[in-house]
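Before any questions on how it binds or moves, here is one chain, the form predicted alone, in structure tokens.
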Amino acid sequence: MLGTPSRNRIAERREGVRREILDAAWSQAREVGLANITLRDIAREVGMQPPSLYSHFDSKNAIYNAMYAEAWLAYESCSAAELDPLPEHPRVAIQRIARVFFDFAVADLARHQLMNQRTIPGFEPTADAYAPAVRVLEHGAALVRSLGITDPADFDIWVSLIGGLIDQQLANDPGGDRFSRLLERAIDMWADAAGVPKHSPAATRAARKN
């Protein structure tokens, strides 16, 4: 048919191989730990010789870089779906934002470590890979400011509080809910200190269900 663009089958195959390599890398990270993945194990999982990987990624850090970007893009997509619309009341909205990030983080230890901790010696994401993380942080800061939290120190404390509870959950009760159950209570304590208006308990419960 005239005007129909032709498919680039070579590019499609190449992208398919890259996808297999990244899937294998994530599988390895979840099985043996993020810092312990090897090109040899990844190559074996996708059925190729280790040198062949270099035609798709020029180093193991390049694989980490692609994984890093992929993880933040996944959260960006998740938050866009889960936080639109936000609950109307500022305190409930702030708790909702915290809950979405908390649940995303604790769902996958390897992904959380790559996104939020310096687990890989010598690895720094490229500017392109880091861009989704910057967008997420800037968007989160803008959302919190729109809810009346204008002091940057309050935002930093809020982020640190969520991150600390995530780390405690993953380190001390993986698969459980010991620290997950404390998230809303902790955010309430922070909100009291930051001057976020209180919400009636009944209205709060109703808003969280919606």
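Computed from a prediction, not measured in an experiment: that's the story for all the values here. From 1 onward, residues are counted along the sequence shown.
What follows is about the form predicted in complex with the DNA, which we do not show.
Contact with the DNA, judged by heavy atoms within 4.5 Å in the predicted complex, is confined among 143 to 151, 52 to 60, 179 to 187, 158 to 166 to 52 to 60.
In the predicted complex, the DNA lies within 4.5 Å of some heavy atom of Thr38. In the predicted complex, at least one heavy atom of Met48 sits within 4.5 Å of a heavy atom of the DNA. Lys198 falls outside the set of residues with a heavy atom inside 4.5 Å of the DNA in the predicted complex. With a 4.5 Å cutoff on heavy atoms, Arg19 does not count as touching the DNA in the predicted complex; it lies far away.
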